[in-house]
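A single chain comes next, written as structure tokens; it is the form predicted alone.
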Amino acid sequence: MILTVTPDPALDKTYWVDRLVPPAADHEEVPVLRARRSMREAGGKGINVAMFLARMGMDAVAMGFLAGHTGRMILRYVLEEGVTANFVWVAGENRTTVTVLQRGQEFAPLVIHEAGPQVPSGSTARFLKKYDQAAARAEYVVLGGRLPPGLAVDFYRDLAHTAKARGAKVVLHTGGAPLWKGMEAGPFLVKPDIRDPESLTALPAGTEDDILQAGRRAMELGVDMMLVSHHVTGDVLITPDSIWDLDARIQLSEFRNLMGADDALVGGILYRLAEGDELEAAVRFGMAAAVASSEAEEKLCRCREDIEREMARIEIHRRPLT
């Protein structure tokens, strides 16, 4: 079983438009955007990973905090995907994330994030009790996404310590200060995304040299692997002795929706590792899952055959980490 934790889930709303029209300079005419298509799905990094794994036929459990009408919608979508839900309810309303994709510019989405609900200490205590029991049954634990108000910055670090004590391997998929604090627990895999400005505050990785320096620093903290997205079609995987350059031979014009690609990448790697694959084969499948997801309008690819077909377009070059 793979357990995912998303403390700040979202209802993802995606709109496809033909053209983003800026306001007129004279302010006399207000532009109206008409969506040619729209979609609503449960979201948040951990939830996305869980939904991808469930689509691959794996036993996935999603934890976190739900609130209000939006929370009920998130729960419904999670259950419809075949994910086991183990959430704690709090007062307020879960956040909504709005993504606008312009035709021909899908690789550069406009994204609006709302703030999530406050998590009181009593709810945190209930969550930790449930989490301790769930982590004892998990092979991997994915800690994903931002932290909502009310949770301490070291929340992920403490969860990682608990999971490791129960024998699970921890994946840290977040940014900012929670990323840095979480790395102190020495997780199995760290997945910061340097396209997220919050990641830069904790893990500077703007150039390849910065990425390698950050990777060495992560290894010193006991991290087994760090996977960094440094451009739209490429990633770098750093292990204690190697640098893996991962590239997808794909044109930007082939993208339809990038929003779930990173989560499909993480989910694909874990799926194949749990199935017994060697690391290189698992990473190739993960990259292919990210590509297949980005080529579909739906956030996460459902078709394993599409992923396997994309594996031929993934190039992996390994070199020593010096």
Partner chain sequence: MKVREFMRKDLSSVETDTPISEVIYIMEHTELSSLPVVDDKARLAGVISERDLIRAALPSYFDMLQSTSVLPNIDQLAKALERMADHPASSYMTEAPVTVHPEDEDLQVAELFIRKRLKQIPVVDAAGHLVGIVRRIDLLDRLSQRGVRRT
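Keep in mind the model is a prediction, meaning the values are calculated, not measured. Numbering follows the first chain given and starts at 1.
There is also a form predicted in complex with its partner chain; it is not shown, and the following applies to it.
Of the candidates R249, R103, R216, K130, K130 is the one whose heavy atoms come within 4.5 Å of its partner chain in the predicted complex; the others do not. When its partner chain is considered in the predicted complex, only one residue from L75, L221, A177, V98 comes within 4.5 Å through any heavy atom, namely L75. Taking the partner from the other structure, its partner chain in the predicted complex has no heavy atom within 4.5 Å of any heavy atom of G186. Its partner chain is not shown here, and in the predicted complex it never comes within 4.5 Å of any heavy atom of I243. In the predicted complex, its partner chain sits within 4.5 Å of a heavy atom belonging to V83. Using a 4.5 angstroms threshold between heavy atoms, R126 counts as touching its partner chain in the predicted complex.
Residue heavy atoms within 4.5 Å of its partner chain in the predicted complex occur in exactly one stretch of 130-138, 153-161, 208-216, 109-117, and that stretch is 130-138.
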